[in-house]
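Single chain ahead, by itself, as structure tokens, in the form predicted alone.
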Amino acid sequence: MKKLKIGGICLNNPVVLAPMVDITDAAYRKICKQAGASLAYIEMLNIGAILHKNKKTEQLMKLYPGEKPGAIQITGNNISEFKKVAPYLSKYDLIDINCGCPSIRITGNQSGSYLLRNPQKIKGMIRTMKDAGFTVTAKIRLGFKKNNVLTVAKYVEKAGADALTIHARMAYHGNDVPAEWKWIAKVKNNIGIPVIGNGDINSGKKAQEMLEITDGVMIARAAIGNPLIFRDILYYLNKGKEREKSFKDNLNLFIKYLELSKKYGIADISRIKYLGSNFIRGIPGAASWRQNLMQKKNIKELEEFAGTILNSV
């Protein structure tokens, strides 16, 4: 199996966990890495919130003990703020700049996918973080016009980025629109830095197909409530066939997630319920179990619920 090299960081496999808001906290990153992800980013955080020492943001920025490489995704719209934030990020090995989030809340602040309108600014942001001594990646979408992605990708490379992740949808598309991988292939053929493909990768077969045109794959939605997607993908890459899914193994990881959330002091009940509803997706009687889950009020009740459902499967 090929490895993925990003700057001076050598990952033992090419399968990484996407930064996802309200998903990739320290506990979730750890169980995904235990399941096989070679890299897991802290969710996208706004530079302004970091600079203002927002308490929730500071909590989300924490690495779990021994987390290596430590990776965080940031976004913003002001190059001068990127200079100011560098000292706050010194503990991380890798910084990813989000230039692809389509959320109105983010684009309304002229960050996320809004930045695709101004590749020169993206270049300046990357250059600023490189000058501060970081390994830097950028995550983009296809843009507002489909050939925009080639222009942006070349600016990213010229800025000195160590890798580029491409979510193969337009800046304004939702997940109901199929990802267009052909544009990822075009970018890969036009730049010299590693390219990581993202969008509609939900099986070992899909990951293998993406790796035929890229250096790495980034898993997002398929990993929500299913950390074992990483184990399954690595199995396919090694054996050439899909691994049989195990609800019990996945539920055991949910229990592990609860334990780690408590241990790291990040037990957000609403977040856990959302993740829990995804962990039990596909289990017989899932709708009834989900309704039961939503009635839980604290971590103890959630742990009891997880044990009950595990024993019933």
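Keep in mind the model is a prediction, meaning the values are calculated, not measured. All residue numbers refer to positions in the sequence shown, first residue = 1.
The form predicted together with a small molecule exists for this protein as well; it is not shown, and the discussion that follows is about that form.
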Practice task
State yes or no: in the predicted bound form, is some non-hydrogen atom of E43 no more than 4.5 angstroms from a non-hydrogen atom of the small molecule?
Solution key: yes
Exercise for the section: Answer for M125 alone: is it within 4.5 Å of the small molecule in the predicted bound form, judged on heavy atom distances? Expected result: no
Practice task
Could you confirm whether N98 comes within 4.5 Å of the small molecule in the predicted bound form, counting heavy atoms only?
Solution key: yes
Practice task
Please check if M294 has a heavy atom lying within 4.5 Å of any heavy atom of the small molecule in the predicted bound form.
Solution key: no
Exercise for the section: Flag this candidate site as yes only if H167, M218 and I224 all have a heavy atom within 4.5 Å of the small molecule in the predicted bound form; otherwise mark no. Expected result: yes
Fill in the blank from the handout: From N198, S113, T214, T137: within 4.5 Å of the small molecule in the predicted bound form by heavy atoms is N198
Problem - Partner-proximal stretch of 19-27, 6-14, 285-293, 301-309 relative to the small molecule in the predicted bound form, 4.5 angstroms, heavy atom - result: 19-27
